[in-house]
Structures are given as C-alpha cells and as structure tokens.
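One chain is shown next in structure tokens, namely the form predicted on its own.
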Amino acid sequence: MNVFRPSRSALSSSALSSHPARRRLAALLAVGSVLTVTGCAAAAEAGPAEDITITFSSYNYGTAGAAGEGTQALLDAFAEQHPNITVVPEAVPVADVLTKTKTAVAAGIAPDVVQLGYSKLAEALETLPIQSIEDIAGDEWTDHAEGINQALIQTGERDGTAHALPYTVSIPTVFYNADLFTAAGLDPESPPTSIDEVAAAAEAITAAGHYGVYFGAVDSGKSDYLTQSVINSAGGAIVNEGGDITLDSPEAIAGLTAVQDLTTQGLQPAVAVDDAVAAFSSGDLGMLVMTTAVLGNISAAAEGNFELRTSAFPTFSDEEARPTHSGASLVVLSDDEAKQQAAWEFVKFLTSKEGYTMITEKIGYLPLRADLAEDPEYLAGYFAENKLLVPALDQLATLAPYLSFPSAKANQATVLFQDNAVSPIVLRDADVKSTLTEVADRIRDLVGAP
C-alpha cells in the first residue's frame, strides 16, 4: 500500500492595494483573518461616488482547487454585473469562521456578509448581530425565495423571519473507484447499498492490496454532518424533538459501532480526512464516504487515472438511509443601510438561478432550486452529462434536517462531540457506549438540557 501524504490546504496570499478599505483590512489581519483583495478593489477605488464596498468572509475563497476557483468565478460574475459594488473577499479557515467572526464583531470590524457553516449557525444566530435578510430584501423577498429549498430556508429562520439563505449545500455520498472494484472481483455496476455491503466490498478491496473504505466522520471543519447521517440512518438522532440530548441512544451506539468496526477490522484507515481524500485521489482507496463538495477536486484527480463513480449514502438498518446536509448559509452582519442593500444584491446573485448553477457546475454542491436540474437553460444539460451528483440529488428529496444542540453553546457542544466521542470511536478503539454516555452527560451539563 502507498504511504499517506497529508493534503495541502492552500490559502492565497494577501495583496493589499491602496484601497479605501485598506485600514479596515489591516485591522482584520490583526485579528487573524487572511485577506486577499481582488482586482475588483482597484475598480472601486476609481469608481463614482455612489460606489460601495462590502466585505465577504468565506471559507471557500482562496482555497486550492474547484472550491476556490468556483468562488472566484462567482465574484467575477457579480463584479461584471454590479460594477458599483466592490466585494472584498476574506479567506477564513472553515473551522475558525465562527470564532473569527465573533472576534471581528467585538473589535468593531465585522464582515458585511459571511459564509457560515450549518454546524455553527445555531450558535451564531444566538451570539452574532445577524440581520434579518428577509427584512433587508423587502418586497423582493417572496419572489426570490420561491423555488429555493424551503427546509433549508427554515433552518436559517429566527423570530419568524429568515436570517440566512442556503448557499453551498451538499449531502454525503459514496465515491468509489470502479477500477479497484473490478480488480477486487466486485461489480462496479452494483455498488454497496448497506453498511454490511460496504464492509464486504471493503474487505475484498483490502484483500487485493488497497485501502477499503473511509467514512469522513472526523470532519476537519468540526462539522458533525456525517456523524448525524450515520446516526439518523441507524434510527437515532443527536437530539429529539423536545431538545433532549440523545446521542447516547442505542441507535446512535449501533451506528457508530458499525463505522468503528471498519477501522478495528482493518478495512478503514485510521487517518485524518484530508489524508483519506489524498489516498482516494491517488487511486489507493476503494470507497470514500463524504460530502459532494469534494467532487470537483476528486474528479480532476481521477481523470485519466481511474474511473470515478458515486452511489447513494448506505442504509444502516432496515429503514431507508437518512443523510443530512453539510455546507453553508449566507448571513448579513452589517447594520449600515447602504451596505445592507449592497449585501442583499450580492446574496441575491449568489442564490439566484445563475449563482446556484455556477456553484453546481464549478464546485460540485447541489442545486438548491429543484427546478434547475431539469431546466435546459441551467442544469439539465449538466446533469445529462454528469451523473456523479445524481445519487446525492435523488437523496436530497428525503433529506433529514440538520440538528443543532440547544443554547448559545451549540457549536461548542458539537466540537466537544466530535473531538471527544466521534474521533476516538472512529479512529481508535474507544468503547462506543461508555464514550457516548460520558460525552452526552458533558453536553447536557454544557447546554443545560436533559
């Protein structure tokens, strides 16, 4: 087997110009943000008096590969259509978005628009000055929101109005190497559909001299979307409808035990998720279960090297699989009316038919307006030629809602769950029941819920 080599997470270097927002950007650097000013800045500097500049904190911006390139394409398209609005993007590591935004707010230099991961949204709505995007949109809201996945809009509601719009959303899928399947005596036309079949396929691939499977539950962004997908599909949930903590239920124990068994039986490498992605990209891992957000990079790596295919998230019980989503919403923090209107124009573009089409084609996230996939003006042609997103798109219809722990410490609880339960269970041999019970009790104390 090949030796795992850590993947490289690249952020672009800063290139501050003599932009009017220079002092503000320098202050942002002081609190740890990595900033890059695009050519748009120069345009704003020389623009008319009514020109306006807003800042955009994004964890996709500046990254290597499809996510960074796709985000830049969105920025370029918006700049072309709105020459009087300059968007200054700020690259922030995904795991640090919430903490850095809190720091920026405390320092009085909050970004105007933020790409905020769903695992952090509940706490952000409680602790950040997030504006009602529905109120900012005013009369344009109803027409714009029509057609967008309503469950995701409801996830971003607070006090009866929408404070966040879905931006980049994906659900976990099974990427698999059809060449390794064939070499292991498996039929790539019949990928595994259950966790038992995943284990059997992984055993055959491992016997052929490669790594079998990897579930990306120990997410580098501290999101529990895949952990929740496993527990949901096993019949459980991390919290129940009453807000009680249920991550130590028998169903949760069964789901995570099944994933741990893959590791303890030598079918799943005990490595970080970036290393697993690198192994899959190099053709030495049979199956990779994680967000479709990596589709662009994986497709590029597979081209000319191996045949990449995808299948639906597997079942963990007799019931159908119930994956939940990962990804991010867009929120507006600015309390300045002019900046709010500029921010709305930016958010409206990113969540328009054109914006969602670009996000799907260039990055690999799912289209959040259902009609786009069948609209010949937008994504019908794309899906006719690109089948890799189809299994995830089909499961989008039965998507389980993303659940958050209660209280303003929701994200802190999620990080506690991932670091102290999921990681030692999935990557090591921690006792599943006692570990989940101990961490569940700590989270109950933390958030004040039964």
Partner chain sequence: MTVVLTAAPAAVADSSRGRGPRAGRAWPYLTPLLVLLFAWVYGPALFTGVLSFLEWNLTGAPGGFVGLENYARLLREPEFGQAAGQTMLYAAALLPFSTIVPMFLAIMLWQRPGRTSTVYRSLLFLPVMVAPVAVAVSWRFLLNPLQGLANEVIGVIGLPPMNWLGNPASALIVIVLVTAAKVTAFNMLLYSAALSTLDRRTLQAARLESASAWETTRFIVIPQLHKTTLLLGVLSIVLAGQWVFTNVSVLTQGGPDGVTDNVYYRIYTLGFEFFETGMASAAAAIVLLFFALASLGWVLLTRSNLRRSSANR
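What you see is a predicted model; the values in this text were computed from it and never measured. Positions refer to the first chain, counted from 1.
Keep in mind the form predicted together with the partner chain is missing from the figure; the text below concerns it.
Shown here without its partner, the chain carries 110, 130 and 299, none of which come within 4.5 Å of the partner chain in the predicted complex through any heavy atom. Residues within 4.5 angstroms of the partner chain in the predicted complex, judged by any non-hydrogen atom, belong to 417 to 425 and to none of the other stretches in 396 to 404, 55 to 63, 417 to 425, 383 to 391. Checked against the partner chain in the predicted complex, the residues 162, 278, 199, 245 give one hit for a heavy atom within 4.5 Å, which is 278.
For the options 102, 348, 339, 362, the residue carrying a heavy atom within 4.5 angstroms of the partner chain in the predicted complex is 102.
Although the partner is absent here, residue 207 sits far enough away that none of its heavy atoms falls within 4.5 Å of the partner chain in the predicted complex.
Residue contact with the partner chain in the predicted complex: residue 236 places no heavy atom within 4.5 Å of it.
Taking the partner from elsewhere, residue 73 is found to have every heavy atom lying beyond 4.5 Å of the partner chain in the predicted complex.
Shown alone here, residue 442 lies within 4.5 Å of the partner chain in the predicted complex, counting heavy atoms only. In the predicted complex, the partner chain lies within 4.5 angstroms of at least one heavy atom of each of the following residues of 396 to 419: 409, 411, 412, 415, 416, in sequence order.
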